[in-house]
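Have a look below at one chain only, the form predicted alone, in structure tokens format.
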């Protein structure tokens, strides 16, 4: 069964498996002890730290291992904010950061700090100069700025080097979440702090990296002990750390060739999906992106149903769609980009993905999408045109209150032909996803979105027929 969700967690690399098994025999002792077994464990820990630091591009004494990538983000942001409390209490993040960054920002705000979210364009990328503008316009002293190296949902690569220069000019440290990109290469630019997660590149779960450059003011806010420079308390999971460092070195050695091969497969998906499936939007930057990841959204499709059907067809993919069992709100990344959220599919190819598996996915996808649309009663283009009333009403109201997307959009599509060109359809909806998906539908279908207004219940969205 093809596994196409490496952005969530990559399959364990063979080198990681070998190193993990070897370290279970050799690295079980306490590396802080001076007897033979402890010294052996310390040698393994030091070697792993040197290998990881080389891959990150920092000194070994600047890097500590944490219990996860999320833990590294939480500790990194909290430590930098604590160390620079005298400089100010303002935090700058991009609107598409990983939830671990945004959750930490929310906690900082609840504690009395302030936060600026830097917007992105429709490709998910922050604009050049955006961080400089945010630094200038901050309401108080800025303690820290954060910017991911590449987006986890759409694959867009961020201008980290430029943002780092802007932050350095303002004497503000920049923390980079490199979870998605570190396995493909080092992060460029004069960043100050960096975090990553081993299971994203094929290492074992439960190992994160936190690098803090010398000279960056940092104060650990949680109780500390003598391990990991006092920045990550608790006994080190040495076998997992050894496996994480070994696999990072291995994937880096393979990165150039594998990136070129996977980029070709992703290009095929990006080109073929809109040809094979009508009413699809491929999102993310078409050029400045991770080599293995592509995301697209399908009109008139329930995201949860689509993922289940693809699973039945033996394809493991993920979604940032609003229509999943875990949430009724759109992905914050897709919302910040202003793109379609319904029927969202993220394909992230692991290393070694076979070309035949991608071809099979492209063969199966059109039928799967068509089947989900048929069950939801989505209109076909020809049916929508044939349904036009010969004596159309100038304005219609569609009541979709209590219905989840994509139903409000489907009902809009069914009746748009019943108003004359220049007429208005008002959709009443209380699903948060409609705020994103109705404007996206208008852009895709050549109609005019005139905005929203509060209704007695929910929100009224106005769409003027243009075509």
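Since we're looking at a predicted model, the values are computed, not measured. Numbering follows the first chain given and starts at 1.
Note that the form predicted together with a further copy of the same chain isn't included here; everything after this is about it.
Trainee: Quick one: in the predicted complex, does every one of 74, 225 and 236 get a heavy atom within 4.5 Å of a further copy of the same chain?
Mentor: All of them do, each having a heavy atom within 4.5 Å of the partner.
Trainee: Is residue 33 close enough to touch a further copy of the same chain in the predicted complex, meaning at least one heavy atom pair within 4.5 Å?
Mentor: It does: once a further copy of the same chain is placed as it appears in the predicted complex, residue 33 has a heavy atom within 4.5 Å of it.
Trainee: May I ask you to state whether residue 1 is within 4.5 Å of a further copy of the same chain in the predicted complex, using heavy atom distances?
Mentor: Residue 1 belongs to the contact set for a further copy of the same chain.
Trainee: My question is simply whether residue 11 lines the interface with a further copy of the same chain in the predicted complex - judged by any non-hydrogen atom within 4.5 Å.
Mentor: Output for residue 11 is yes: heavy atoms within 4.5 Å of a further copy of the same chain.
Trainee: Using a 4.5 angstroms cut-off on non-hydrogen atoms, would residue 17 count as touching a further copy of the same chain in the predicted complex?
Mentor: Contact with a further copy of the same chain, yes.
Trainee: Based on heavy atom distances of 4.5 Å or less, which listed stretch (286-294, 246-254, 98-106, 123-131) is in contact with a further copy of the same chain in the predicted complex?
Mentor: Heavy-atom contact with the partner occurs in 98-106.
Trainee: Which pick from 357, 304, 258, 279 sits with a heavy atom within 4.5 Å of a further copy of the same chain in the predicted complex?
Mentor: So the residue touching a further copy of the same chain in the predicted complex, by this definition, is 304.
Trainee: Which one, 399, 37, 46, 61, lies within 4.5 Å of a further copy of the same chain in the predicted complex by heavy atoms?
Mentor: It is 37.
Trainee: Only counting heavy atoms and a 4.5 Å limit, does any residue of 337-354 reach a further copy of the same chain in the predicted complex, and if so which ones?
Mentor: Only a single residue, 346, comes within 4.5 Å of the partner.
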